[in-house]
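To begin, one chain is listed below as structure tokens, in the form predicted alone.
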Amino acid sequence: MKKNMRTLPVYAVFALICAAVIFPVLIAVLLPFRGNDELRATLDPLTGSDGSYSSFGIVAQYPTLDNFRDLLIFTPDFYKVFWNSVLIVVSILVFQLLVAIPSAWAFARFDFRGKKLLFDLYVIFMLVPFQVTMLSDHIILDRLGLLNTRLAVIIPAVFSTFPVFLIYRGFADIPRDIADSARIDGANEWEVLRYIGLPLGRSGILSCVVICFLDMWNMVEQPLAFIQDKALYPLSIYLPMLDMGLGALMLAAAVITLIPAAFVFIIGQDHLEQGIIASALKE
């Protein structure tokens, strides 16, 4: 009983933090199901200067799907930017894995001169913010003639060092005896990676997919820096560009944008936790 009483304040603090985090998301999810009159009572005070306060009730008086209908049927631009997001994110994930998996396997399984220094450089590059490399990336992409294309966003992200760091730990935990036995039986290095490394390092790979998907799905700076054509913008740029007069469409689009990210997170939650825990362990 005394132990429970001591931990009660801790739970109360965490409950308050969770409520502060969840409440804005809850508002964003509930608002699109309201009619125009209810939405005006909530949104108009935010854009006006009459000193009135925005009102919000948890339960809508007249729930409706009209906002989603207007978005999905009468707003063709939404499909264009949604496709841009899907194309960019899927392309980045596929090529990131093609680059990161062999790199992580080499760091985890091979011993070569300068290995620790090179891996430390990978970690340092992972911590470098986008603003530091934005100008150099812009110059290179301009020389290659890739500015204002989807490839301007895809190519720099493909060679990110962060996926290598996430996948590396899963490969490093594989017992060397298993891989050595496969080599003795005649398997080459690619076969060892395919039949041993990928299945046993699955948690690290899937956690990489989940984290990178969430990161790329919500990216803003890269498209703004490298793309000028609004027809190529992803969803993460499209939503802030909507006028407050289109608040109903903005809220409906925000909910639909949230669905893929929530779906990927829920499916990969267990692997994400395992991958993060494994990446945090020291050798």
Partner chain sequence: MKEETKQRAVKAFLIFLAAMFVLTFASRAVYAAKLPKVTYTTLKYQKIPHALKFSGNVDAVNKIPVYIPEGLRVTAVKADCGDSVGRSNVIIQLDRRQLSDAIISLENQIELELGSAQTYAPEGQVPVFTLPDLRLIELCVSTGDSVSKGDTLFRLDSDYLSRFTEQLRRDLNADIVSLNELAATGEGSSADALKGVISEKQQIYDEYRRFYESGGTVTAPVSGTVTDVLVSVGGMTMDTAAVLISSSPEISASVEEAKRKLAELKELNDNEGKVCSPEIGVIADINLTEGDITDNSAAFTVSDPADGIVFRAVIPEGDTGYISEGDKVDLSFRNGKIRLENCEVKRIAKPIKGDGRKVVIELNDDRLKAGENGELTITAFSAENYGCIPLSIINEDKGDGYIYRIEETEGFLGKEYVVHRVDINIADQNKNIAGLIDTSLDDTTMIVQTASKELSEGQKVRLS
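Values in this document were obtained by computation on a predicted structure and should not be read as measured data. Positions refer to the first chain, counted from 1.
One more form of this protein exists, namely the form predicted together with its partner chain; it is left out here, but the text below deals with it.
- L72 is the sole member of I196, L97, L87, L72 with a non-hydrogen atom within 4.5 Å of its partner chain in the predicted complex.
- The partner is absent here, but in the predicted complex a heavy atom of I267, alone among L16, V10, I267, I22, sits within 4.5 Å of its partner chain.
- Screening 97 to 105, 187 to 195, 133 to 141, 77 to 85 for residues having heavy atoms within 4.5 Å of its partner chain in the predicted complex returns a single hit, 77 to 85.
- Using a 4.5 angstroms threshold between heavy atoms, L214 stays clear of its partner chain in the predicted complex.
- Although the partner is absent here, V29 is not a contact residue: none of its heavy atoms lies within 4.5 angstroms of its partner chain in the predicted complex.
- At the 4.5 Å threshold, heavy atoms of F33 stay clear of its partner chain in the predicted complex, well away from it.
- In the predicted complex, its partner chain sits beyond 4.5 Å of every heavy atom of F226.
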